[in-house]
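The chain below stands alone and is given in structure tokens; this is the form predicted on its own.
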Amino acid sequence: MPWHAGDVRGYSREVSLEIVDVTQTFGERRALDSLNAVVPDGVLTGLVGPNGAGKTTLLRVVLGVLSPDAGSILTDGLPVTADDRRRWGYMPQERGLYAGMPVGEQVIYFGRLHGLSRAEATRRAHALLDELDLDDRWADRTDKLSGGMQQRLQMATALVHEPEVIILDEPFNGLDPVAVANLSETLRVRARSGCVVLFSSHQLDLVQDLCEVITMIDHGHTVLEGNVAQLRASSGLRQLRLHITGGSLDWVDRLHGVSVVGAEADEIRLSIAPSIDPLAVLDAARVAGQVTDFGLDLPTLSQLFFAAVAADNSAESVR
């Protein structure tokens, strides 16, 4: 199908990929614990969490590499089949490229594995490598490419058969900002064309900027899920950012519901309870020193993660 940027649709439509009560154990260790998640089409969905949270295990279950002890993977409400998965695109965390093979032949080879004719695989390979700024490397050996170029090439091998479900495991690891921007735009185009795009990452700040929807997991189960903007806006967590010169921070201790969460040079960040008027805090800061800049910020995904994990641990202790 042709790729073109279209309007990104909302989150409240029919779910394209659903993970239902998935449990996976390895001996005595429970890697996934009744995990639930939804992955809509048309937007980028980030699977986030710290190393060891269960992200790669979950992707392997979704891809059928592992059979879960319990639970199911559905697409449009029906169980995913082996035929469904053969049409998907997958980019593993560890590169699965043939080092001595030329770049163009590499993409053609993966296209042929998905049933494309050589002519069609060649056409798509040229189009993809041009999109990923690699077409001038067509005849180069894969092992002569930089790490970032190899990552872009691996993306091309995952997309050559134009899959409607795209799953990537830590695709931005070790990439410089230019490579991140390049791969991000490639994924945005696919999502806007109606694909399901799910990728795992422990880089929460990157996911915050890139994804519209997240599933956040810790110790094998979901702790937070939904639209990123809505989650940040509805969290009740707020930070007042102040550039202030002169005086100490003693004035903060005298304010109820306000605490310092960061202080660097002349900038401080204050956590403000929902009941506190930020303007009252700003007035107190002006009394204490000269305020040259200020702003009210929504919480980052990192802060939402720590808050969600704390709440989840508290609920676990009650149970």
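Just count from 1 along the sequence shown to find any residue number. Every value quoted in this text rests on a predicted model; they were computed, and no experiment measured them.
There is another form of the same protein, the form predicted together with a small molecule; it is not shown, and what comes next is about it.
Looking at residue 212, you'd find every heavy atom of it more than 4.5 angstroms from the small molecule in the predicted complex. Contact check for residue 51: a heavy atom falls within 4.5 Å of the small molecule in the predicted complex. At the 4.5 Å threshold, heavy atoms of residue 29 reach the small molecule in the predicted complex.
Not displayed here, the small molecule is approached by residue 93 to within 4.5 Å at the level of heavy atoms in the predicted complex. Of the listed positions (137, 114, 202, 123), a single one reaches within 4.5 angstroms of the small molecule by any non-hydrogen atom in the predicted complex, namely 202. Only one segment in the set 34 to 42, 267 to 275, 52 to 60, 284 to 292 has residues whose heavy atoms sit within 4.5 Å of the small molecule in the predicted complex; it is 52 to 60.
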